[in-house]
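As a starting point, one isolated chain is supplied in structure tokens, in the form predicted on its own.
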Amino acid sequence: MSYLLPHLRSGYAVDQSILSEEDRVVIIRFGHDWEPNCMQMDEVLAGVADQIKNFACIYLVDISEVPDFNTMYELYDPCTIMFFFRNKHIMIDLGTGNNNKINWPMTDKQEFIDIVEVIYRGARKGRGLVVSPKDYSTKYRY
């Protein structure tokens, strides 16, 4: 499903996409198109893209094609989602301890839309850290 979403092919393109958006959240999926977790996440992203187009835009970045951000954003996971608003990285408290990004594939489209809405509302108020509507600390019950 990654062919349905715009790809950013250089570090400059990534920077410009973050800088150019004034009124919408920029969602960037870092990973590989061939990676199973990214395929699962891309399906969710493509499914919600039309519903969130008024307050968010989605881009995909291949971390081997554009390695510029791998150390800066600690992109060591197979699939990573990060959020930006008005040239600022927006952190989200998911209850996992890592507030910088979502690093697992989400399967529920409505759950993802809810997270993006919370990020948009918080970012518009000037918050750099927002709290997720759902606590993911017990995502995997052992």
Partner chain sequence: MATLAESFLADLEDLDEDEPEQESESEEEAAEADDGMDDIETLNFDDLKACAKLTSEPRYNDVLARVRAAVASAAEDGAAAERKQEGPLEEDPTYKLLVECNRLAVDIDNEIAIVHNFVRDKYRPKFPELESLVHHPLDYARVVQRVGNEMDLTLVPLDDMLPAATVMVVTVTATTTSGKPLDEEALGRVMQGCDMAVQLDEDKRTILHFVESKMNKVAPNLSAVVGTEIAAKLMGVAGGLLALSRMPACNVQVLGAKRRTLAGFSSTTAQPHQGFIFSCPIMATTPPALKNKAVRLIAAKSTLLARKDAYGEDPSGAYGAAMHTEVVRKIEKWQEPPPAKQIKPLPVPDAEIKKRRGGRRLRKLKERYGLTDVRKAANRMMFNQAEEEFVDGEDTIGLGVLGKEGNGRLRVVASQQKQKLSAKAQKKFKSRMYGSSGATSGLSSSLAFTPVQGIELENPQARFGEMDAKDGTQSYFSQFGGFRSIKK
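Positions refer to the first chain, counted from 1. In this text, all values refer to a predicted model and were calculated from it rather than measured experimentally.
Another form, the form predicted in complex with the partner chain, is not on view; read the next lines as being about it.
Shown alone here, H89 lies farther than 4.5 Å from the partner chain in the predicted complex, counting heavy atoms only. Using a 4.5 angstroms limit between non-hydrogen atoms, I52 touches the partner chain in the predicted complex. Proximity of E117 to the partner chain in the predicted complex falls within the 4.5 Å heavy atom cutoff. Put simply, R121 is close to the partner chain in the predicted complex: some heavy atom of it is within 4.5 Å. Residue-level contacts in the predicted complex: of I113, M39, L75, A46, one residue has a heavy atom within 4.5 Å of the partner chain, and it is I113. Listed stretches are 27 to 35, 95 to 103, 79 to 87, 53 to 61; the contact stretch with the partner chain in the predicted complex is 53 to 61, by a heavy atom cutoff of 4.5 Å.
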